[in-house]
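Shown here is one chain on its own, the form predicted on its own, set out as structure tokens.
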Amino acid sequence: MSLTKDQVNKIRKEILIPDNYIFLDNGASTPKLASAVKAMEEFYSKSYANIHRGVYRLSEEATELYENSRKNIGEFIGCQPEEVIFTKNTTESLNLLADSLVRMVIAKKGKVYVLLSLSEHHSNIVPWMIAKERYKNVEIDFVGLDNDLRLDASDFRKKVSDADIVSLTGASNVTGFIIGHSFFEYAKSLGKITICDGAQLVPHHSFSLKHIDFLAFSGHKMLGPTGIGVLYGRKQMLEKMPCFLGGGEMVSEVSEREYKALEPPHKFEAGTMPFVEAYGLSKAVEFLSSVGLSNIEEYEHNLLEYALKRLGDIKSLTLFASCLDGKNAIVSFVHKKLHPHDISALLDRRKIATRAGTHCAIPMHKALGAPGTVRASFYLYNTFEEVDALADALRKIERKY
């Protein structure tokens, strides 16, 4: 069931939309949920103290709020609390995996083969390249795209058999295409370690962890605060993985010669964590759950259908991945005469925020044959009237240029 206009208007009142903008850069970061910001302010003013360290009331309250946030987020994605690791964002989560898993596999086999795709964000490419520089004996390969700019299933099946680790985006931040769960299922049937970059998936769609060993996502892309990310990891795998960062609170014992790490998830949470931000994300998750991911998904599908129709009628634009099925509410396009940066700057004059450039996905843009694109990315609070405003502004640009 899709959201009604009245429901969307009610949602909009809950969100801190900046400076009356038509904000269409949700793929980069979303505006914040007012109640989450308020909850964080109350945490700072009434319950603030460092977690896991004190036996006094404030510290115990802060620890309880933090650990309850872990439990709440685990319920949201469908896992146990001890399988939820807090990080600062998706990027840090993927760096953790690239370092720790590569060391784990090399220790067992002497080498590691990592399979990625051309649709990846740089956050799911560069960490593996750094691991290759650091540890050697690391081979990286990429699954290509088919003529529709989706993951090439035949190319995937050719390459996956040799892989140790398969790390794929859940949804492209350029085309919006959702990577089908069948890719993870097939890789898992062959015994591969499977990783999903869920930064563009988790805020918009319901999903299953059945064939996913690791899932990474960020709070700031789902109405939550910046500085907080989540890494889900299958418990039995987290127990085998070496630590990523070292310091306080991730150890049970330290001597002059060795240390003993805590059990997951705490072995991966060194130092003072962004525990207030975790609480803010928990509040955002509660809000999204109350709205319903299936309702969000259907509403965004309808919004995308309307956006593709309105923008598809503008002859000066070339739309990429302009089909409707199996994708997020993202429309990326180029103008036949003007650079993407110019288009985005002209839209900004009308208080319409879009993203211009390569969106941290240069290999994907090379596959598109475009040096950059303009991207309009929608979320549950955007309206059909805002789509009209975008289309009308692009029409005016077309007439002028």
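All residue numbers are counted from 1 along the displayed sequence. Being a predicted model, the structure only gives us computed values, none of them experimental.
Keep in mind the form predicted together with a small molecule is missing from the figure; the text below concerns it.
Contact with the small molecule in the model of the complex, judged by any heavy atom within 4.5 Å, is made by just one of 194, 100, 123, 282: 123. Note on the interface: of 255-263, 105-113, 170-178, 152-160, the segment with non-hydrogen atoms within 4.5 angstroms of the small molecule in the model of the complex is 170-178. Heavy atoms of residue 220 reach within 4.5 Å of the small molecule in the model of the complex, making it an interface residue. In the model of the complex, at least one heavy atom of residue 200 sits within 4.5 Å of the small molecule.
The small molecule is not shown here, and in the model of the complex it never comes within 4.5 Å of any heavy atom of residue 117.
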